[in-house]
Ligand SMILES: NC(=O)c1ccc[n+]([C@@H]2O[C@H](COP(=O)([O-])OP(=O)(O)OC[C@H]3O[C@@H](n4cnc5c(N)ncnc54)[C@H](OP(=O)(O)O)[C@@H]3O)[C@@H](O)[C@H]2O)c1
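Just one chain is shown here, as structure tokens, and it is the form predicted alone.
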Amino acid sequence: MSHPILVTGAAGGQQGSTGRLVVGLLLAQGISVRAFVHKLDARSDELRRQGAEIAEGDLLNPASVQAALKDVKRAYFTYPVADRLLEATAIFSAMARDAGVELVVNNSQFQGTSEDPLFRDLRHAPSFRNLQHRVADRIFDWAQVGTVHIQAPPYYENVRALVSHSVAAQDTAFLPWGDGDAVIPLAGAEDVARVAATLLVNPGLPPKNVFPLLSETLTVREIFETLGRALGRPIRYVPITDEQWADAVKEHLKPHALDHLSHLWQYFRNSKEQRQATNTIREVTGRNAQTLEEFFRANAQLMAAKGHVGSAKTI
């Protein structure tokens, strides 16, 4: 490709880091990448060493977004679980339209399938953050910049971050996920990034604009049975109240993220919706989706390490 692909969130965050993963996948294929980072630090230095062009800026600053989009035809957009998603989306979509961008791959949140009209209704979003994503998707569509939406549920990495400390300390997970029968839809961040990278490098435009990614639909009990098999020892799940969980993680999560996750756990705990895994990852990439057990086995050492952001303190 003669034009660089712009990747936002390129430095990576504390959990999924899909932007950083997309950069690596593109560079491995010899694709020119412009990595959009919030600040210059060791992470941006590493991206530059790998061959990426670095663009320092802020998604809430129209001038820096405009500069980053110069000569860009395709871009990956992701925004952290923080305030002002809608402002960032509006700015990015407006600047992308002015720049003549032909394809934006937008990292959104799972919104059910076309057979689930109630779940997709703006009035029935599980959390305010999820509602923001639904509105953000519409903003991109209105901008007419060829946006496709990757709609994924919580990541495997989220589960790891939530339980690593207590699992390492007590072989126990403390979460407000009910009696163990609630179904938690999940997908791996690596698969999200792989789908995004594939869509970005394919010479043609995608045949549709929504790609729902749902790799596993396990009950809470099955999740921790899977973790136990991967670690080679039984892991106990102990249900706690929303208030206990919020108190345990409030020092590690910003209020926006805490509000989102608290409402999401309530929704999954009370939902009667029947969900099925999608075949999107296989259809787009030609590879089977990573299973939760494969993820746990690959991250067994990290799961034993204490102090992940978001993990609950001993209760």
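Computed from a predicted model, the values in this text were never measured in an experiment. Residues carry their position along the shown sequence, with the first being 1.
There is also a form predicted together with the ligand; it is not shown, and the following applies to it.
With the partner omitted from this view, the residue of 31, 54, 258, 60 that lies near the ligand in the predicted bound form is 60 [heavy atom within 4.5 Å]. Checked against the ligand in the predicted bound form, the residues 163, 200, 152, 96 give one hit for a heavy atom within 4.5 Å, which is 152. By the criterion of a heavy atom within 4.5 Å, residue 230 is excluded from the residues contacting the ligand in the predicted bound form. Remark: residue 39 counts among the residues lining the ligand in the predicted bound form, judged by a heavy atom distance of 4.5 Å or less. Contact check for residue 194: no non-hydrogen atom falls within 4.5 Å of the ligand in the predicted bound form.
The shortest heavy atom separation between residue 79 and the ligand in the predicted bound form is within 4.5 Å.
Here the chain stands by itself, but in the predicted bound form one stretch of 217-225, 201-209, 126-134, 168-176, 126-134, has heavy atoms within 4.5 Å of the ligand.
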